[in-house]
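Listed next as structure tokens is one chain, alone, in the form predicted alone.
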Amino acid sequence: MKITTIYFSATYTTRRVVEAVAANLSNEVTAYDITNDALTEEIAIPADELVVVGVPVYAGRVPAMVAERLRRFKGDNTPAVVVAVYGNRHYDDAVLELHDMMTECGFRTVSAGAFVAQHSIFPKVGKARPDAEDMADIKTFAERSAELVATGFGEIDLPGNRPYKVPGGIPIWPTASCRCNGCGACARLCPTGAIDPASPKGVDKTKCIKCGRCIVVCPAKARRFYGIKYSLAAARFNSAFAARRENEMWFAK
């Protein structure tokens, strides 16, 4: 079966998970990376293909900008594997929201997964994940998903609430240190255009979604979250969510 992958992956971990799922399903894969590619036209995916869609979880939700980009894809009762990647705190309503969104766009959810990755704001939490155990879970998830696509499937029951939770946040943003050489890599690759190429040390707080993209793409390692508010929040978060969470998977009946 031909596979289409769709993902938003600011720090590349969601892409890694989605690619691992797809690799265990087929060697014929068409990929849509919507992190920096805001599509202007709708993409139709026929019923005889399989979609693997992956998003990061921000504050327990699918990021609004990501949801807007995903709605460019339209299915024709097309089977879909939906994946939410989160930083070891909780996925809250994101899995259910992603399923609902794909259903509205003409897809049928065959399976859903909530997979743990290193947290993008507090990287001590979930450090170095996905690891070998996670990859084994992903392989099992993909194999079971393939079986259901081949044999047929019905409805899926997923955790979460409607209406979805109201996302919160803390007033911190990534900015540049004295190491910044003004190369502009962060500005070119920021998914929301929150960094001015002419003044890349700062950030437009009204546009920034705190995805961490600018941190991971900076060749000088000059960008980071810092400050008193960040240090206090990090201490609380690291303590509260240090314990390892395991991946969760759901399959249609």
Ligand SMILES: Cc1cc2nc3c(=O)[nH]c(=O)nc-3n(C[C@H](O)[C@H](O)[C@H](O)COP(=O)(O)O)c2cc1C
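As the structure is a computational prediction, the values presented were derived from the model and not from experiment. All residue numbers refer to positions in the sequence shown, first residue = 1.
The discussion below concerns the form predicted in complex with the named molecule, not included here.
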Using a 4.5 Å cut on heavy atoms, which of Phe107, Phe73, Tyr86, Phe141 is close to the named molecule in the predicted complex?
-> Tyr86
Answer option from Ala38, Ala64, Ala59, Ala31, heavy atom within 4.5 Å of the named molecule in the predicted complex = Ala59
Would Ala117 show up as a contact with the named molecule in the predicted complex if we use heavy atoms at 4.5 Å?
-> yes
Cys211: touches the named molecule in the predicted complex, heavy atom cutoff 4.5 angstroms = yes
Non-hydrogen atom contact Ala10 with the named molecule in the predicted complex at 4.5 angstroms | yes
So, in the predicted complex, is His90 in contact with the named molecule at a 4.5 angstroms heavy atom limit?
-> yes
